[in-house]
Structure formats: structure tokens, C-alpha cells
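Provided below as C-alpha cells are two forms of one protein chain, presented individually as structure 1 and structure 2.
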Structure 1
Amino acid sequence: MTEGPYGNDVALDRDAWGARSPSQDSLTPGPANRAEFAAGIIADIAAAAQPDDRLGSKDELREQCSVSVGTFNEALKMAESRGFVTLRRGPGGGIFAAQPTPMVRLGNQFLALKPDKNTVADALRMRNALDQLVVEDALLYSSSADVSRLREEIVRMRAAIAANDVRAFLHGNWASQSHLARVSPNQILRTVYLALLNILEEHATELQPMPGQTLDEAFAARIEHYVQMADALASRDREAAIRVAIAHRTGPQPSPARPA
């Protein structure tokens, strides 16, 4: 998976954490991956403990991870920022299993997902179901700067079409939707929607035209969607924005690459 709010693909595959032992650290190619690997080990140790249990000192846990001091410190920062552990200093201090918040648990459930043949279809179905909520919040909370960012992304998508760069076009597609989602003050909606976009950006690498539609027409339809959405947000036209959101669900859809 591409780099996202929860880290890279090493962190996403919880089964891989359990399947690998600390001695396998030498198999990971670089410091960032070694830190992710160690963070996974720390997370697994914390998950096996009760909240507030002492997991050990830094030296004790570093030995279990079989990494350098610098790599371990980076891994510990990751594990702490993701809500797996808490650190306490002074007498009786050490590293303790954290009590995950509902938001942390939600994020961790996305981390544990393993892609299969239904991944893109499932993610699209969920994203489409949430589109109207995202649009409703964008109508209420977007600023002129938000609309300008959307229009800038449209310019980049047009340039991608001119360069025949489907990947760059789809990146602009996800970035545009991400801009809209980040406007929402609803933390749960943002978390779920952005996680779905992260899944789609990795796995949906083509744009599937509608029946009887050429690929160029599919690109044009997508561009027109964002132009109309930007106009609707600028004028606070709820009816137009909802109409565009519905068209978004029924128009050309991203899809995985087809077998050669």
C-alpha cells in the first residue's frame, strides 16, 4: 500500500508481523522498513498484554526486536503515535500497553485488511455510500481556498490527460476527493473515507468507461464532475452538488488493472 496515515505496507499486514521473528530483521531492505518491522513486534507484544501492563524497558524490548538503538527509538515513536503503547519515565517506568481509543481501534482494523479480488469493488461501494455525507459537509464548511485547491487539481488532471498519464490522472482524482473529505469536521467520516481512498489509490489503476463510452469520454466526464462540484461549492448550490455526487457514483469508475 502507498504511504498513508498509518504507515507503509509492512505495517499494514498484521499477519506478516506474527509470521516473522526478530531474527528476520536482516531481511528488510532499509532502516524505514526495519523500524516498521520493529513497531509491528512492539504492537503485537502490546496486543497480547492487558491495558496498562508493563511490557519491559527499552533495552528489554529492543533485544526482542533485534534492531539498533536508533531504529528501535523510531519504532517506539511509531508504536506510541499509533496508540499501541505508552511510555513512563522515572522509578517504575518503562513501556506499557495502551488502552486503545475507538479511533485507534478503527485505524488498526484498516491496517489489518488484506486485499483480495473484491477489494476495489468493496471500497468503491463504501466510498460511494459516503459521498453525499462528504459533499454535505463540504457545502457547509468549505472555504474559497478549498474551492481553489479543487480547481488546481482539475488543472493537474487535464495536464495528465494531455500527457496520456492515467496514473497521474487517477492520483488527481483521489487528491480531489481527499481535499473534499478533509473539509469535514466529522473525524470518523474523514478517517473512514480517507482510508478508503488510500486503498483505492493503490489498487485501482485504470478508469473503466461506461458501456458505449470511450476512455477519452470517460476522462472528460470525470473532469466535468469536478468542475461542476467546484462551481456548486463556490455558489453553495446544494441541489447541484448532490446531483453531481449522484453522477459520481454512476459514472465511469476506477478499476484494477485487467489481466494482460
Structure 2
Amino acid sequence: MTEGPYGNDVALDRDAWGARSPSQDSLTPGPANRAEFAAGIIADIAAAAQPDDRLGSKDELREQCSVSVGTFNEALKMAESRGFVTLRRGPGGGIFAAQPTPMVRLGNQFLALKPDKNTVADALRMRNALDQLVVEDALLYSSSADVSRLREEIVRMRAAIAANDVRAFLHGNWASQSHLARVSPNQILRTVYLALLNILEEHATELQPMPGQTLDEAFAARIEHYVQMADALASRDREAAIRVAIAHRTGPQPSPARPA
């Protein structure tokens, strides 16, 4: 069993802010400063209320946080930008509970995560599980401009090979995949997939040849992969596209990513 930052019982609406005072010495991460501490209290109060409930005026809430006006305003800005509260002026105004959208909630949770030694392997595994969706969306939604973009990237990658510029080649490799992912209208998929690519790109400093393959052959195979993909997209050939995507997955197939 692996524990998250706060153990395995992380509630979906919890975030990195805890209601501990920042001066408290603790083995687990807590708020780095008074404003974060207060923001956590605000978030807790909002979470305990119904969406759009009035929580009180600034001064009333500030008393509950025991911080100064300036620090409270800092905290409020943080809580507001995390989607926990909204503010209104005028009579009946003040601070109101809000319910973060699922996206914002997911974002808040990612803000609380720390990379660890398995992040790259985890990202690769997820990327491999999602690439079929990306390709399917590319098939349905790509324009001729998208295909052209991919083809231009291929030209760039070929030039990189000719110039013995491995770095430019690798960049082209990831950029090509990004072009595909950006076609998807599924904003969750797009966002996650592009982030996974980004994690992988940061850790890919060389091209891994397949067993029994020379480096030149690996380069050529990669180019061929994207050529075939562009062709499949241009002709809306779903089976070819999926086949190409799966045949050219790098790294381990969906399987255990870490020792038991």
C-alpha cells in the first residue's frame, strides 16, 4: 500500500492546506505560512456549507482565522482562486461558499501531489492506456491543417537526423504526439495526456532502439510511424491508425510498473 501526502484517506475535496498553525512542527506537510493556514480554514468552512450559502462578512470570517486584514485577504484570494468561495459586494454581500467544478477539484488535488521516483513509469503506463483514445479523436476531428502540421514535424525530424541532432529529433517526436493530442475535443483527456507527454519528454534523453535494432533503424522506424499515422489520419483509416499507435508504443506495455 502506498500512502498519498496525507495517507490513504485523502478525501476528494481535501487539498494541501491543513488547519494546523504554520508554527507547528510536524512530520507531515502543513501550510507554509499564515495565509495558507487561513485559506485552509476558509476552505473547511466553505466545504461544510451548502454552495452559495453566505459564510459571513470578511471581518466575521477573519475573526475565525485570527490573522490580520492583509493576511486574511491573501488567504481569501487563494481560496477564491481554488474555487472554494466567491465574494460579493453590497448589502447581503460578503463571502459565499462555492462548489469547485470537477476540473477545479482535480486541479486542486494535483497541486497537492509531489513527484516521486515512479512518476515517469506511471506516466508512461497511463499514456499507453490513453493513446488509443487520442488516436480515435484525431481520426474524427483532425483537419487537413492538423495533418499538415504533423507532416511538417516529420520534415523537421528528418532534418534533425541528417544534422545528427538527437535533441531536436526527440523534441520533434514529442511535438508530433502533442499535435495529435491537441486535436481531441475531450479537454480532460487532452490535458492529462499532454501533461503525461511533458513528464515523459523531460526524462527522454535518447531514443531507445528495440532489441536487435540499430540506432539508425530506430530513427527510421520512428519517422515511419509518424508517416503512417499522418496517412491514416488523412484517409480516416481507423484500423491502420490504431495499429500504428499500438505497434509503436515505447517502454513497457501496460503491466506492473514497479516491483511488488
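Source: prediction; values computed, not measured. Each residue is numbered by where it sits in the sequence of structure 1, with counting from 1. Here, rigid core means the biggest group of C-alpha atoms that superpose within 1.5 Å across both forms.
Note: the form predicted alone is the first of the two, structure 1. After superposing the rigid core, the C-alpha of Met210 moves by less than 2 Å between structures 1 and 2.
Put the two forms on the same core and the Cα of Glu74 is off by 2 Å or more between structures 1 and 2. Relative to the superposed core, Ser235 undergoes a Cα shift smaller than 2 Å between structures 1 and 2.
Superposed on the rigid core, the forms differ at Ala39: its CA is offset by 14.5 Å between structures 1 and 2. For Val120, the Cα deviation between structures 1 and 2 after core superposition amounts to 3.2 Å.
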